[in-house]
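A lone chain, given as structure tokens: the form predicted on its own.
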Amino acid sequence: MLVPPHGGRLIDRQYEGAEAEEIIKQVKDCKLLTLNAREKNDLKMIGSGAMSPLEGFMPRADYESVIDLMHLFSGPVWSLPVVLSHKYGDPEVSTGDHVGLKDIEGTIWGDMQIEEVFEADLMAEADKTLGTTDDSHPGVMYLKSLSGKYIGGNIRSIRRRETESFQNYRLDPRETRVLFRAKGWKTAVAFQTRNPIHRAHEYIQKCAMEIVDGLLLHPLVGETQKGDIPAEVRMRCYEEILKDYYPRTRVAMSVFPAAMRYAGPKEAVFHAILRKNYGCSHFIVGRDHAGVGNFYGTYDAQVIFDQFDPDDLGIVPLKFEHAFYCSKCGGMATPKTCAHDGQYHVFLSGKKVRAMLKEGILPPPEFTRPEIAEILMEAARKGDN
């Protein structure tokens, strides 16, 4: 039996076809609020159940409980706010209003019954959730772009499959749960990444596969910061490596359509909870999960899980130290398993790999498989990196 969704029930507030058209008709004469890119991602994930038990954007009680206590007001663990900001130029709204939700192009993506409109101290939010108010942090920059007024309430989300990228891999939580059952899995480990796969990823994924029934490769394809490898390139890398190096009955791949918040430890918990909704019992937490720059300690994202009762969290974090190729060992290892010092280790940062590709240098096979290196080099030549 798969793990239950967070909060005990998988939310379904997503509509297609005739039902979606009816929502569009209902908001025709309503006020329209604008979604930015992150909020649009969040709306879709609330609707699909990926953010269960949320049924909409947070009102004040949930927002304050989350940033202060890392729990929803009703009790469940929750580490980051999911909120809708009032945009400059949008109409003023009040409690009880029924409003439509549109993107910046004017396309309707859902509606909302407003429960509450409230002011927020955005720099206090930054300090409590990101651990910094430094302008060089992308999450701080995002918060400083907002008005400081949030709008909470339950939503309905419209799904337009024809607009979705990676359609063959676009599985909602209900669909991944069906897939896991069809494969005979009772336990599954999720792997989150916003980077192309390399040997260290492959090593920790396969270590995790030794203790569960299956692996869900769940690369993030929502909004990321400038400089990250594009999702299209990362997906090509995964497709290539799955051809020959993973047993097909024990692996599945689906995209994770969330936007990155770069919140380090708190985002690691957030990512784990959402993977629980997809049916995963375990979650890989590696080096500097969801980190950016030097804002977080190397293993802060692992330590934070110790704050929670395992039963309250409901998903098991698998904590891995950074992996590398050791020429003395003749294979992949971590500091827990290798007796040799750094002169024997091949470990490259994403920044170093991007610099090598820019110079026309293929990353070494000890770092990534040659097939993957060729894809990255091709993308670099085309200017996709």
Partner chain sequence: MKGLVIWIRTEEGSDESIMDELGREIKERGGRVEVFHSEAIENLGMEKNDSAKAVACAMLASHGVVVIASGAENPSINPGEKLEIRIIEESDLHHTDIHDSFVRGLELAGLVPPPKYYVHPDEEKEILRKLQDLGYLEE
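Just so we're clear, the structure is a prediction, and the values are computed from it rather than from any experiment. Residue numbers count along the first chain shown, from 1.
The form predicted in complex with its partner chain exists for this protein as well; it is not shown, and the discussion that follows is about that form.
The listed set Ile211, Met123, Val178, Ile104 contains one residue whose heavy atoms approach its partner chain in the model of the complex to within 4.5 Å, identified as Val178. Proximity to its partner chain in the model of the complex, taken as a non-hydrogen atom within 4.5 angstroms, holds for one residue of Tyr169, Tyr238, Tyr142, Phe305, which is Tyr169. Residues with any non-hydrogen atom within 4.5 angstroms of its partner chain in the model of the complex fall in just one of 260-268, 170-178, 131-139, 310-318: 170-178. Under a 4.5 angstroms non-hydrogen atom cutoff, its partner chain in the model of the complex has Arg9 among its neighbouring residues. For the chain shown alone, Arg248 is a contact residue for its partner chain in the model of the complex, at least one non-hydrogen atom being within 4.5 angstroms. Residue contact check for Ser254: one or more of its heavy atoms lie within 4.5 Å of its partner chain in the model of the complex.
Residue contact check for His98: none of its heavy atoms lie within 4.5 Å of its partner chain in the model of the complex. Within 4.5 Å of its partner chain in the model of the complex, a heavy atom is found for every one of Pro5, Arg161 and Ala182.
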